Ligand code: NAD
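One chain is shown next in structure tokens, namely the form predicted alone.
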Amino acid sequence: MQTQPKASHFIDGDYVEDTNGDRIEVVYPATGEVIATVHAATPAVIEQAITAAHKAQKVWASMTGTERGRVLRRAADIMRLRNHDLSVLETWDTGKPYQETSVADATSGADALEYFGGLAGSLTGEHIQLGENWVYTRREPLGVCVGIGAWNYPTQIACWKGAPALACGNAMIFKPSENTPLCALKVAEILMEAGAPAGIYNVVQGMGAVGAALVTDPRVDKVSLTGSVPTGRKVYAAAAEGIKHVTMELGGKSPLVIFDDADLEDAVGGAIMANFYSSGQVCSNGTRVFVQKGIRKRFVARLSERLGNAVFGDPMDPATSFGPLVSARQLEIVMGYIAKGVEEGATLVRGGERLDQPGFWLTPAIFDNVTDDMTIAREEIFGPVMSVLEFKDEDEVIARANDTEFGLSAGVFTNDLKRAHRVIAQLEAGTCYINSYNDAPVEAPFGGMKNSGVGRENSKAAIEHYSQLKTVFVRMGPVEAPF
């Protein structure tokens, strides 16, 4: 498959190149090979993107919601037809196994386009009767939205941000992560093919400087970021200067609580999904696994046994179930945390070893006997490292689970449904799971509390973050005035 894109950027309905921008090498994480090269957006490219988006947004907003929805639904159909090719590209871009990308990336992007395409025609205001006078509201687009993506789900994030923005009548300028710049270009292509006006969805490449230029431009009305908390603070502060609408989907150190009465196989499976899917590179991961005392030893033993079934190999092979980390830098960060865990006294049960081969491979690591104050239990690692912590009773584990600056996700495994709902209600997290983990249907809101984010992605809740209400008061009688 051809990995080198036609050009670095997609603006006003076509590919655009400016080799004056900084060179960005696209590295295949499985081998460390350079598979493509793009260039960061220059000021001229950024200006071209904002101008195109600003112009196209007026045309797009003048269409009916049903017409906009039709385009999004066509794009969803095209994306599903091309799922194989898009999944292969996602694997090249991220290193994630095709076994995963073929069911979790472009498929989720297509779901978002279809869902918000279906909602677009239903976005209305309301009529409020006040005696003979009345008020009506209009749901209007914000204008030009900037999306800043993370590198773990490039196709999905490009759609999760683009679909609600476009459904509401906005234009989108999307900046992918510099680590995974390829997939969003295909999303833009597909939207144009589906009938979106040129300029309504643009993709520009670059690092932090490009993001900063977009965020601070006065013609930009909304910023949506998926990234780390430190990056979120910078982007949030920059957007606040212009009083821009903001959605922040940031990091976490989420708790997964497993009670004695949980089904052991399901609990182990949930912990695997909460720690090792995408090689642990998922913001919502439940990396603090609190296991009740009576089941902890059996849990750790069975978990270690099942990790032996992970298949390392060519990510393009459908049999491969565990892929590399995204970059040499990320591998270095995760290895540092593993060393810190050992140094601070946690028990490395298995894994945490770099494979002696090209690429950025690391075996999934389980730490037992972890305490709340250890670095690996406090900081987001963003790699395949699980911390197992023992607890005795419900009140204790709730207090310990909430003792964090983060609040993205949380999960509970138990066969006592009253306890499940009681505990979930007390956990300080925005996206929670009972007897499951990391499910992300587009019909459900996704987002965090505390330092893990602001606003929500997906579901009808996202409409509130990509539109605004205009109130119109209509007086039917004479106006009374004091003079």
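Quick note: we count residues from 1 along the sequence shown, nothing fancier. No experiment lies behind these values; they were computed from the predicted model shown.
The next section is about a form of this same protein that is not shown, the form predicted in complex with the ligand.
Site status: open, since the ligand, placed here by C-alpha superposition from its pose in the predicted complex, has no atom within 2.4 Å of backbone or C-beta atoms. This chain is displayed alone, yet in the predicted complex one of 391, 361, 98, 151 has a heavy atom within 4.5 Å of the ligand; that residue is 151. Among the residues 195, 208, 294, 318, the one placing a heavy atom within 4.5 Å of the ligand in the predicted complex is 208.
Here the chain stands alone, but in the predicted complex its contact with the ligand, taken as any heavy atom within 4.5 Å, falls in 174-182 among 350-358, 174-182, 118-126, 77-85. In the predicted complex, the ligand stays beyond 4.5 Å of every heavy atom belonging to residue 323. Within this chain, residue 307 is remote from the site of the ligand in the predicted complex, having no heavy atom within 4.5 Å.
The shortest heavy atom separation between residue 289 and the ligand in the predicted complex exceeds 4.5 Å. Residue contact check for residue 235: one or more of its heavy atoms lie within 4.5 Å of the ligand in the predicted complex.
Scanning 234-269 for heavy atoms within 4.5 Å of the ligand in the predicted complex gives 234, 235, 249, 250, 251, 252 in sequence order.
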